[in-house]
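Only one chain is given next, in structure tokens, and it is the form predicted alone.
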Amino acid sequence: MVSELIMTVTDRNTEEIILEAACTIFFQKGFAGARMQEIADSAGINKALLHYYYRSKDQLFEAVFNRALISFLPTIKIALEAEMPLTQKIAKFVENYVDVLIANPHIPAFVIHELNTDPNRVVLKLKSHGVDPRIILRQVDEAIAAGEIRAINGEHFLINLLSLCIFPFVARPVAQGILQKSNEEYTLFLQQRKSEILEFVMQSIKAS
């Protein structure tokens, strides 16, 4: 019993080390540029052991990809489905989404890289996790009808909201260089973005 427990813990630790190494390599180089030997070297194991846990690069990438999406998809889903007024939902979405991206800064660039390579992979994953933008689009239409916000195009509003949240992470090397900020200063800047985005969005949709 004890030996089985030790084996389980060891397997879990080794698999976690592999996933951490694979995340780093895949985030840096994408699926096409990553090599299993490089991932094994980064994890400090031999290639045979890597293949014991993950038989192919496709299988390992799938694990990394799922991990990346799962780290922020629940935030999107919860924000979309929350029973609250639209303005509160927007505030919750912005705060939670930006916090997740600060904690996982490589995810946006990684997902966008894979969107350019295999867009169906991302779309299917979003659908499989129940992310349905029609929920907030309907709420936007209801808020317009009730006179709570001005008449806007819900689809453009949703893309604008996502863009405002994601862009500072995707363009971090350029933005950080232009603004001449250290890593600590840029992280603070990203925290400040939450209130800036919210103020900008609310001003853009408020009823006249």
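Note that this is a predicted model, so its numbers are computed, not measured. Residue numbers run from 1 along the displayed sequence.
There is also a form predicted together with another copy of the chain; it is not shown, and the following applies to it.
Shown alone here, residue 117 lies within 4.5 Å of another copy of the chain in the predicted bound form, counting heavy atoms only. Residue contact check for residue 157: one or more of its heavy atoms lie within 4.5 Å of another copy of the chain in the predicted bound form. Interface membership of residue 133, defined by any non-hydrogen atom within 4.5 Å of another copy of the chain in the predicted bound form, is confirmed.
Proximity of residue 48 to another copy of the chain in the predicted bound form: non-hydrogen atoms within 4.5 Å are absent; the residue sits far from the partner. Interface residue among 66, 163, 37, 59, judged by heavy atoms within 4.5 Å of another copy of the chain in the predicted bound form: 163. Within 4.5 Å of another copy of the chain in the predicted bound form, a heavy atom is found for none of 53, 70 and 107. Counting a residue when any of its non-hydrogen atoms is within 4.5 Å of another copy of the chain in the predicted bound form, the hits in 181 to 204 run 181, 189, 192, 193, 196, 199, 200, 201, 203, 204.
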